[in-house]
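Here we start with a single chain on its own, the form predicted on its own, put down as structure tokens.
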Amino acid sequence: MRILKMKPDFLKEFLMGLEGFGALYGPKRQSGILKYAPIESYDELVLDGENTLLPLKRLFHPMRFDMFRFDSRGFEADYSIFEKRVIIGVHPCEIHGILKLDEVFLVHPPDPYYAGLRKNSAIIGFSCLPAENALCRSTGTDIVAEGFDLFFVDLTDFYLVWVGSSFGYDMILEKEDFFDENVTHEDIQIYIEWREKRNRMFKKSFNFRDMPDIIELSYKSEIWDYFGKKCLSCGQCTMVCPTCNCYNVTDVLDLATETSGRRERMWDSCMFADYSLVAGGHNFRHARADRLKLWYTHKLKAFAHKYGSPACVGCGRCVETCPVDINVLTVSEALTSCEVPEE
């Protein structure tokens, strides 16, 4: 992996010049909400470290789309969601989130829709400073070594630029004169000092390392009942989580023929009351406490058992979003202290 240096004066021209590699996407404010959206000008980009409301997963695991059309003769896959694109301004925790989705969607046999979107997308990562609810220091996702084509670290007077793929190197070659290979000892020291300063800026943390064992030991804890009584089953925590990947499919018939139609796929959530409802009306997790336990057990324990590391990337979105203060921070604190929180 190569590491280069670039002056801030070149950033705008370099990033906007990447449109030759695909449609540009990035954090953009629309109607007051920050979201990953198509970018037409550099001024639309928000690169100050603020999290988008919905994570990067929505560009690879879309909220709703048609999988295929069908009729009495068979079906034809719909790949119209594919396009060449360059996604700018992706934070380290978001990249870790996509790497975890890779574990789910790219195993054999791979999901053709996720795989196609992944193949057609370049990721340009950007460093960020911790927001109020950032937990990525606890989860070890505040830095990233893979999963990007280029990654920019803003050191004020210059950027250090990690080249993470051959495609990223092709981008560099388009504006090779913007980059300097001479990274000095002074530059390295500035980077080290930036890392140390950033680490001191984290305001919140939780016992992420021990959570798999704590979850196992607390499986029958009354803490789940406490949070279950508070939970609204709104599913917001799962919608904003970078690694939640549940979906449902529905066949929609054409009313004119009743023999043709389309299969639609959309996000689903294990927090919803009917998620575990099966034929005959039986619901495996009718109680909200059971659904919460399922989610946190999967997020902080079971995913790690199968894929090597827990599924939480410490973005803090669940902390910001839950209207009744149920999130990875409050749940882990309650389980660690073995005390039901006071009202």
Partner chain sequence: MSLSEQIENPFLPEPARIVRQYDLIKDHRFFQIRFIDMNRAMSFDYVPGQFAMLSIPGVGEAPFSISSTPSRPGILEMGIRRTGNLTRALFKKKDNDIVYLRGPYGNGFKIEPMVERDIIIVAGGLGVIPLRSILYFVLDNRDQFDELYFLYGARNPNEFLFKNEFFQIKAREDIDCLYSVDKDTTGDWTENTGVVTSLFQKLPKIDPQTTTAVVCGPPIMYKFVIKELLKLKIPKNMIQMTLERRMKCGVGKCGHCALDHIYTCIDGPIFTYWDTLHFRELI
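Numbering follows the first chain given and starts at 1. Because the structure is predicted, anything quoted here is derived from the model rather than measured.
The protein also exists as the form predicted together with the partner chain; that form is not presented, and the subsequent description refers to it.
In the model of the complex, every residue of the candidate spot (Met67, Tyr247 and Lys293) has a heavy atom lying within 4.5 Å of the partner chain. Put simply, of Trp194, Phe202, Phe75, Phe167 only one has a heavy atom within 4.5 Å of the partner chain in the model of the complex, and it is Phe75. For the candidate set Phe158, Phe152, Phe179, Tyr113, a heavy atom within 4.5 Å of the partner chain in the model of the complex is found for exactly one residue, namely Tyr113. Stretch-level contact check against the partner chain in the model of the complex with heavy atoms at 4.5 Å: of 91-99, 130-138, 171-179, 260-268, the positive one is 260-268. For Asp251, a non-hydrogen atom is located within 4.5 Å of the partner chain in the model of the complex, even though that partner is not displayed.
Although the partner is absent here, Ser276 sits close enough that one of its heavy atoms falls within 4.5 Å of the partner chain in the model of the complex. A residue is said to contact a partner when one of its heavy atoms sits within 4.5 Å of a partner heavy atom; Gly308 fails this definition for the partner chain in the model of the complex, lying far away. For Ala302, a non-hydrogen atom is located within 4.5 Å of the partner chain in the model of the complex, even though that partner is not displayed.
Of the residues in 129-147, none comes within 4.5 Å of the partner chain in the model of the complex through any heavy atom.
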